[in-house]
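Only one chain is shown below, in C-alpha cells, and it's the form predicted alone.
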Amino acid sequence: MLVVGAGILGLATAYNILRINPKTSVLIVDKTGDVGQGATAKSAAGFRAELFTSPTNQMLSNTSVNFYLHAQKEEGYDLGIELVGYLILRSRDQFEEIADIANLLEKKGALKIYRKEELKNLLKMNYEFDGDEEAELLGVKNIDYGLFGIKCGYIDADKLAYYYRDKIKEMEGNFQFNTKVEKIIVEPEVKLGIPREPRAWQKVRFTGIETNKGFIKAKNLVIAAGGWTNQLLDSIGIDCISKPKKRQIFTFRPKTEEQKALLNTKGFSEEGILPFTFLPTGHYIRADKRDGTFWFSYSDEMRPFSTDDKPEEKYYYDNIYPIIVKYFPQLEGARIDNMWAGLYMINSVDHNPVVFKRSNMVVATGASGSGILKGDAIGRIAAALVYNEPYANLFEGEEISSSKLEVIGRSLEVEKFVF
C-alpha cells in the first residue's frame, strides 16, 4: 500500500489501514522532510463539534473530535487541545437568518446565545458603527449577538501529526520523505504486450508513482497530496472537484496591557482566554494560549486557484488590519510578528470532503477548512474503500456509507449553519 501525502488525511488513512489490518505493508511518501508539514502545519487547526445541521457533517466532525479527545484524555497523548470555544459574532440581520437553527442548537446544549448587553460585560470591543462612514465602506457591521460554541477550540496540528506518525510506526508502517511525486503510473489490468498500452478500450490499474527519486511500485494507492492532488489526477483525466487556493495567517504578540487583557478574556470558558472569534465580516481571531499570541486571518474568495503558498505581508495591512481595529481599537498599531500561508483544497460544489475510489486507487481531498476537524473520519472512510468495505466504522461505532463522499452521484445535505 502506497500513500501519497503525510498530511492529516494521508496519516489518518494510513493509520486506519493498519488499524484494520496490521499485516498490511504501508509506505507513506511526502515531498517535505517530516509529517504534517504542508497545509496541516499551516492551518488554524480549529475544531467545532455539534455545530452543524447536516447529519453528515455532524457525524464526521463529532466522531473525529471525540477520537482526538480520547487520544488526549484516555491514551495520555498531549495533542494540545484547548477547549476555548467558538464565538461567532453576528449582526441582527445575520442572526435572524439563522435564529431558528441557533435556538435549536442552544436547546441541544451545543451553543449559548449571548445578546449584545451580555457580550459587553464579557468582551471589550466596539459593537455599534451607525454613522461611521469608514465602517460602512469597509463592510463592518454592528454586533448584536454572539453564538458561543461549547465543544469547540483548537488542537496542535504538529502534535496530531506526530501522534499518527508514532502510531503508524508502532504498526510498522514506513515513511519516505523529501520525495516529490511527479506522475501516477497507469497500466492495463491485463498486459497484452502491444505498443502504446494502455489502449482506450483496456481496463487500467494505477501501479505506482514516478518521483524525483525514481519509480515506486505498489498494489494499491492512496492519493492525499493536499493542494497538489488535482494536478496529479488531472494528468490522468480524473476529476476530484477540488482545487487549491492560498490561505494566510498572521500573528501578533500583544504589547500593551489592553492587548494582553483582550488575549486573556475570561468568562466564556474555563481556559480563561479569548475564544476562537469570528467577526460578522468573515475575519477570525485565534488567541493562542500556549504561545501567547493572536492569530488573524480572512479568506478572500476572489483569488486565483494556484499552488502559490508564499504569505503576503501587504494582505494583512490591506484586508485584515483595517477591519480588526474597527472592532478592537486596543489592537491599534498591531504590527505582525510572523506570517505563513498554506493551500486550502477547496471543493466548490458543496464545500465538503471528497473521498472516492477508482480501480485500485483511493483519493482523499477537498477537506481544507475541515481537514483536521473531520480528519479521523475521512481516514476511516478512505481505509474502508481500500478494503472494498461498503461501510466505514467511525470512532465509537457509528457507521457511514463508504461512498457517501464520492464524486459521482454526489448528493449531500445542505449545511445551514455557515459562518
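Quick caveat, the model's predicted, so the values are computed rather than measured. So that there is no doubt, residue numbering starts at 1 and follows the sequence shown.
The form predicted in complex with a small molecule is left out here; the points below concern that form.
Novice: Using a 4.5 Å heavy atom cut-off, which residue among 60, 39, 363, 381 comes into contact with the small molecule in the model of the complex?
Specialist: For this set of options, the contacting one is 39.
Novice: Would you kindly say which of 232, 274, 218, 240 lies with a heavy atom within 4.5 Å of the small molecule in the model of the complex?
Specialist: Of the listed residues, the single hit is 232.
Novice: With the partner left out here, check for me: in the model of the complex, does some heavy atom of residue 181 sit within 4.5 Å of the small molecule?
Specialist: Looking in the model of the complex, residue contacts with the small molecule include residue 181, since a heavy atom lies within 4.5 Å.
Novice: Is it the case that residue 247, even though its partner is missing from this view, gets within 4.5 Å of the small molecule in the model of the complex, heavy atoms only?
Specialist: So residue 247 counts as contacting the small molecule.
Novice: Can you check whether residue 105 is within 4.5 Å of the small molecule in the model of the complex, heavy atom basis?
Specialist: No, no contact at 4.5 Å.
Novice: Look up in the model of the complex whether residue 54 has a non-hydrogen atom within 4.5 angstroms of the small molecule, and give yes or no.
Specialist: No, no contact at 4.5 Å.
Novice: Picking from 391 to 399, 406 to 414, 19 to 27, 6 to 14, which part of the chain touches the small molecule in the model of the complex when contact means heavy atoms within 4.5 Å?
Specialist: It is 6 to 14 that comes within 4.5 Å of the partner.
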